[in-house]
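A single chain, nothing else alongside it, follows as structure tokens in the form predicted on its own.
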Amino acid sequence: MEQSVKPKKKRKFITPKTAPYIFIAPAVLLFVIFTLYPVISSLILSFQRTTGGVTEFAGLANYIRLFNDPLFYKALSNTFIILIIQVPIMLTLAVILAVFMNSALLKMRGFFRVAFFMPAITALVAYAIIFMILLDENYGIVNYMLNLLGFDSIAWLNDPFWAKVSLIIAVTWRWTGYNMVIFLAGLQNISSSLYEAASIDGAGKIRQFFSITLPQLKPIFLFTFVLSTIGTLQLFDEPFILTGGGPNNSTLTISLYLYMNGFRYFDFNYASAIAYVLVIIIAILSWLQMKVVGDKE
């Protein structure tokens, strides 16, 4: 008696169990190639040295060189000076603007919100070149206006002090509107019942601002402060285009110093060490900000 042979079922590659993995596979692959691999490769590079085209293990030599490099400390101090001055000014302006933009008394609020946010989406190179033209010592409109008011011209981009001031002005102009939008979203999430109860209790607008608005915006402050700190520590475009790190390295930032070592002097090993020290600094500062300003829970 012949036994009937059941045809083998074809094993399906795409099943309800495998479909999620297949869909996320391209994203995971791109992450591994363009993020994870460079991170690991950079870490390995930071422990190597390249001499005459030959790469060899160098241990902590790049890090020891880094901590004995006066130019690194110069770049670090420049970055922290800009951070300490620029970030508080920018966030204060952003809060004030957000309160005005949230006011029901202001007409054309949509227009003003877009106008203040526009610098954040302006091309970096374009706005940096415009600042170069505005701040030109001989032909810039800023010095022209100062001369009309009876003041002497200022070497905005050629004096060590004023070059830093120029960078702070440029970065503040670009990112204040961006932070304003974040604060505006926070303001619109504050319950109006809090203000109504405060009004019934006789609290004025200023008292309401300090007793309700600012405490309610605490998580937004933490978020913007951490983001702004990270952004300032990675400051590159403005010093690269406006001042090139000068005069006399007065506007040399850590990111610009990293770029110069990597892509101008082709010392990728040393540049990788700078990058990892920068990552550690950013991680420590972010952790400190979360511990100091953030809620315990």
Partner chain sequence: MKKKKIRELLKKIGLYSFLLIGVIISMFPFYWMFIGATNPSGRIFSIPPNLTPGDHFFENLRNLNDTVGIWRVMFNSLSITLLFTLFSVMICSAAGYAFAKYRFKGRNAIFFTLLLAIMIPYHVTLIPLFKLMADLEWLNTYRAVILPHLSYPFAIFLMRQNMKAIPDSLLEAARVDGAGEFRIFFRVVLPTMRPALAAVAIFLFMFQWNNFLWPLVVMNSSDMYTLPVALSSLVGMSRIDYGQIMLGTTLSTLPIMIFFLMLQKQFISGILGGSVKE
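Positions refer to the first chain, counted from 1. Fair warning: this is a prediction, and the values are worked out from it, not measured in the lab.
The form predicted in complex with the partner chain exists for this protein as well; it is not shown, and the discussion that follows is about that form.
K.L.:
Tell me the stretch among 155-163, 196-204, 73-81, 121-129 that has any heavy atom within 4.5 angstroms of the partner chain in the predicted bound form.
P.N.:
Result of the contact check: 121-129.
K.L.:
Is Thr35 close enough to touch the partner chain in the predicted bound form, meaning at least one heavy atom pair within 4.5 Å?
P.N.:
Taking the distances in the predicted bound form, the answer for Thr35 is yes, it comes within 4.5 Å of the partner chain.
K.L.:
Taking 4.5 angstroms as the cut-off for heavy atoms, does Ser191 touch the partner chain in the predicted bound form?
P.N.:
No - in the predicted bound form, heavy atoms of Ser191 and the partner chain never come within 4.5 Å of each other.
K.L.:
Please check if Met290 has a heavy atom lying within 4.5 Å of any heavy atom of the partner chain in the predicted bound form.
P.N.:
So Met290 counts as contacting the partner chain.
K.L.:
Flag Leu105 as yes or no: does it have a non-hydrogen atom within 4.5 angstroms of any non-hydrogen atom of the partner chain in the predicted bound form?
P.N.:
Yes, contact at 4.5 Å.
K.L.:
State the residue from Ile85, Leu222, Ile212, Ile182 whose non-hydrogen atoms include one within 4.5 Å of the partner chain in the predicted bound form.
P.N.:
Spelling it out, the residue with a heavy atom inside the cut-off is Ile182.
K.L.:
Taking 4.5 Å between heavy atoms as the contact cutoff, choose which of Asn248, Asn68, Thr51, Ser41 touches the partner chain in the predicted bound form.
P.N.:
Selected residue: Ser41.
K.L.:
In the predicted bound form, which residues of 268-283 put a heavy atom within 4.5 Å of the partner chain?
P.N.:
Residues within 4.5 Å: Phe268, Ala271, Ser272, Ala275, Tyr276, Leu278, Val279, Ile282.
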